[in-house]
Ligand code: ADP
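One chain comes next, on its own, written as C-alpha cells: the form predicted alone.
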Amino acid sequence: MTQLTGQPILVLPEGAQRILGRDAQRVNISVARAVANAVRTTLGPKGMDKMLVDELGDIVVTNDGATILDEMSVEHPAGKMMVEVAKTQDKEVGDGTTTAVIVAGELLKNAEDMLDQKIHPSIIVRGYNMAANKSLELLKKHSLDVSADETEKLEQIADIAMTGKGAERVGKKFGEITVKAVKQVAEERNGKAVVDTEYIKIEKKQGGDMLDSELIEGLVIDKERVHAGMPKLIKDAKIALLDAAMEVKETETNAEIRITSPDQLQGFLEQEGKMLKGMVAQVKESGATVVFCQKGIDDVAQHFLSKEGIVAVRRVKKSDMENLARATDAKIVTNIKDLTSIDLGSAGIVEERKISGDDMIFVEECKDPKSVTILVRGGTEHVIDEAERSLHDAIGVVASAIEDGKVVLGGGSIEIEVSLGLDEYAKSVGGREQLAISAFAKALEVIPRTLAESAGMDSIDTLVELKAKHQKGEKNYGIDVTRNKLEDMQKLKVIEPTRIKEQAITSASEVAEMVLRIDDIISSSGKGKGGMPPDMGGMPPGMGGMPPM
C-alpha cells in the first residue's frame, strides 16, 4: 500500500505480507543457516546420522545431505534454494552435498556480519564472485593426476566417499565393485573418457548380508518367466528385444463384431490363434531363444513360446530394455515382422533365480557389456537403502575421477590451502571487495572445523595448528579423524575428485549471491495461490531458531 494526497492506494491484495530491506535479508539468511545447521553434524567419517520420519510414519536413517534435505520437506523459499544446492551437487557429482550446503550457510553467516557493518550487498556479491573464480584456479593448481588404470587409487576414492555411511564396513568390497562397474560402462569419445552412470543399475533385494552384494556383468531384471513350462536356464542365449505387444491388436476405430453361430465363434478364435502363432513363428525363425517384451504377451502366445522352448519376459521397463540393448548388443524392434537374426543380442547365461523368495531374471556373461547391475543385499530395508545411497556416492566420485583425471587431498587439507590462497589474493584487490574475499576464505575453514568437531577434537586449536603447518609449506596436512590428529593426507591416501570441490564452491557461492540480492519478500495471501504460508516459516520445529515474521 502506498499513500498519495492522503488517499491509500492498494498495490498488493489484502492480507499479503511484505518484508523489506535488511529484515528480508536477515530472514533469508537465518533460514538458509538453519538448513545448513541441520546437516552440518553429518559431515565426515565420524558424522552422525539423522532419523527422518514422514507423515505416514516411514523412517529413513541416513547421513546423506541430499536425502536429509529432500525428506525434510522444507517450505520456506530461501530454504528451498539451499535444498536445490544439495540436489545439484548430488546430480552432478554424487557426493559432497553436505559440504556444498554448509559452505553456503557459512558464506551467508559471514555476509550477515558484513551487512551489519553497512557494506552493500552488491559489493559482497562481487567479492564472493571474484573469490569463487579464484578458488577454482587454486583447486586446479593443487590437483593431482589420476588415470583410469590406477585401480587402487580409484578404489580408495570410492572407499572415502562411503566412509561414515552405512556401508562403511563393506567399503573395500563395495569399492572394488564400484570401480569395476564404472570402468566397464566407461566409453571413449573424442579422446576423452565419458561415464554415463545411468547404465549402472542398482537392484536391491532384502535378505542375506551386505557382503553378499555382487556385480553382475549384465542385467538383473525383477521379473519372472511368463509361463511355467519355459526353461529356467538358457545357455548361449540369443536375445530379442521387442517394443511391441505379442497380442492381437484392437481396431483403431470402434468396431462391433456380431457372431450368430458357434462356427463363427470357432473361426474367430482360430484366426486369433493363427495370428499369435505367426508372431511366435517369426520369433522362432529369427533364432531367438529369449524374448524380452516391453508390452504384453497373450496367454495363447505364451503357450506357443513355451512349446518352442523360448523364454519370454513381459512388461519390462523401458530403462531395462535400453540397458539390455547395451549389455547384449541387441536392437530394440518395434514390429515383430521386422525381427531378424541381425537384431538379436547374446549372453552366456539367461537364468531365472529365486532371491529372497522372489523370482528374478539374470542376464550374465555378456561380451563387453556397456551396462551392468549391482545387486545389493542386506538384512533390513533401512540397511539396503543406505547401502544404495553409499554406492550412488561412490559411483559418482569414481566416474568424476575417471572423466577429469584430477583429484585433491581430503581431510580439510585442500580447503585450508584454498583459504590461504584467497587471503593472499584479497591483499592484491582494492576496495571493500577484499573484505568479501577474506570472508569467503574464512567460510571455507568451516570444513576442517566441522571435521574436528565431529571427531571430538578442539576445533579452534586444530584449525590454528593446521593453518600453521600449511603456512610452513606442509600443504598435504589435513585432519586424520580416525586417530584424532593432523596427518599427511597423501600418505593416508585420502583423496577426492577435484570436481566435487569445484561444484560445491560454485553452487555454494551462487546460492549465497542469490540470497544476498533479495531485499524484498512479497507473499500472497490465501492458500492455493502459490504463496508462502502466512508465518513464512516452513521449517520443522527447533531447526535453527527461525525469527518470527
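Start at 1 and count along the sequence shown; that's the residue number. The model shown is predicted, which means the values in this text are computed figures rather than measured ones.
The discussion below concerns the form predicted together with this ligand, not included here.
Have a look at 489-497, 22-30, 53-61, 509-517 and name the one stretch with heavy atoms inside 4.5 Å of this ligand in the predicted complex.
-> In short, 489-497.
The single option of Lys165, His76, Lys134, Lys109 touching this ligand in the predicted complex, heavy atom within 4.5 Å = If I apply the 4.5 Å criterion carefully, the residue I get is Lys165.
Identify which of Thr328, Thr178, Thr97, Thr373 has a heavy atom within 4.5 Å of this ligand in the predicted complex; exactly one of them does.
-> Answer to the contact question: Thr97.
This ligand contact in the predicted complex: Ile160, any heavy atom under 4.5 Å = The answer is yes: Ile160 has a heavy atom within 4.5 Å of this ligand.
Is there a heavy atom of Gly396 no more than 4.5 Å from a heavy atom of this ligand in the predicted complex?
-> Gly396: no, not in contact with this ligand in the predicted complex.
Evaluate Gly410 for contact with this ligand in the predicted complex, applying a 4.5 angstroms cut-off between non-hydrogen atoms, and reply yes or no.
-> Residue-level check for Gly410: yes, a contact with this ligand.
Applying a 4.5 Å heavy atom distance criterion, does Leu451 contact this ligand in the predicted complex?
-> Although this ligand is absent here, Leu451 would touch it in the predicted complex, with heavy atoms inside 4.5 Å.
Heavy atom within 4.5 Å of this ligand in the predicted complex: which residues of 44-79 qualify?
-> Contacts from 44-79: Gly44, Pro45, Asn63.
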